[in-house]
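Subsequent text provides structure tokens for two forms of one protein chain, presented individually as structure 1 and structure 2.
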Structure 1
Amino acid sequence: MRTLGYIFAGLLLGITMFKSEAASWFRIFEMFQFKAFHMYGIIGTAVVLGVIIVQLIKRRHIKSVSGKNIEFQPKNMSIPRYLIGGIIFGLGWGLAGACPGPMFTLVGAGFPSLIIVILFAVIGTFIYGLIKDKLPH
């Protein structure tokens, strides 16, 4: 049953990424050119609603379907880790025009070239794991 829930969440994500055009290289380029509100509207709406939902969950102590408290793990503070890592991610986001969710969505949408992007994203993750201890965190 739970597996169906995960698949449904992914299904909704995939359909949304494609239909919203957040999976389009052109929309990402346009966003970084500040030439349209579209992408900012998508992210902004998701974050504003997300903040409200998280606050509701915390204040009303809303439980998950299994009856447990919904936990939010605070992230460890670090500037170099998030800033340098973030910039590297952003360089790739601007170049390939896709973040991880849309990469997979686009394969389903019929663009096999994204398999190259995914393969190298896995390699990038692997290289990070290899040299992690030598990087500022």
Structure 2
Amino acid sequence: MRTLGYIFAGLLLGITMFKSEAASWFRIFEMFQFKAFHMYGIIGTAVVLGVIIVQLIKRRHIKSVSGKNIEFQPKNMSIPRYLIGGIIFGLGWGLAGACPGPMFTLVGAGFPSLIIVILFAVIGTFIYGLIKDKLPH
């Protein structure tokens, strides 16, 4: 039953991303050229909603689906960590034309060539796991 909930949430997210054109390569291209506000509006809305939801969880002590307390671990503030990671993520996003969420959305929408991108994203994640202890964190 719980798995069905996750599948439904994933389907809802995928449909929302596809209908809002967040998975559109052309919208992403417009964003990188600073020609349209569309993607910045979607990203900004997600950030604002994330801040509001985290504050609600913290202040009202909302528990997880399994009944456990939700704890937020403080992040290690390090400029190289976010700068290098952000550049690598942005380059991958620019090369592939989609970040991880839209990759799966596009496969579900009938663009099977994105399976290649997902495969290499998984390989990249695996390589990161192998060398992460040698990177600045």
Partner chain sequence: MDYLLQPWPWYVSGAAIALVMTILLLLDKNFGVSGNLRTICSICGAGKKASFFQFDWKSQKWNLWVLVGAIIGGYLAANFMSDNQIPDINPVVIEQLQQDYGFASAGSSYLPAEIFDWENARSLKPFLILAFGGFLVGFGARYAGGCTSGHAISGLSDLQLPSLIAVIGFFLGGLIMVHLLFPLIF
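Here the rigid core means the biggest group of C-alpha atoms that line up within 1.5 Å when the two forms are laid on top of each other. Every value quoted in this text rests on a predicted model; they were computed, and no experiment measured them. Residue indices: 1-based, along structure 1.
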### Query
Looking at both copies of this chain, which one is the form predicted on its own?
2
### Summary
The residue among I62, S113, Q55, N76 lying at the hinge of the motion of rigid parts between structures 1 and 2 is N76
### Query
When the larger rigid part is held fixed by a C-alpha fit, how many degrees does the smaller part turn between structures 1 and 2?
11
### After superposing on the core, C-alpha shift for N69 between structures 1 and 2 in angstrom
5.0
### Task
Any chance you could measure the C-alpha shift of A46 between structures 1 and 2 with the core superposed, in Å?
2.8
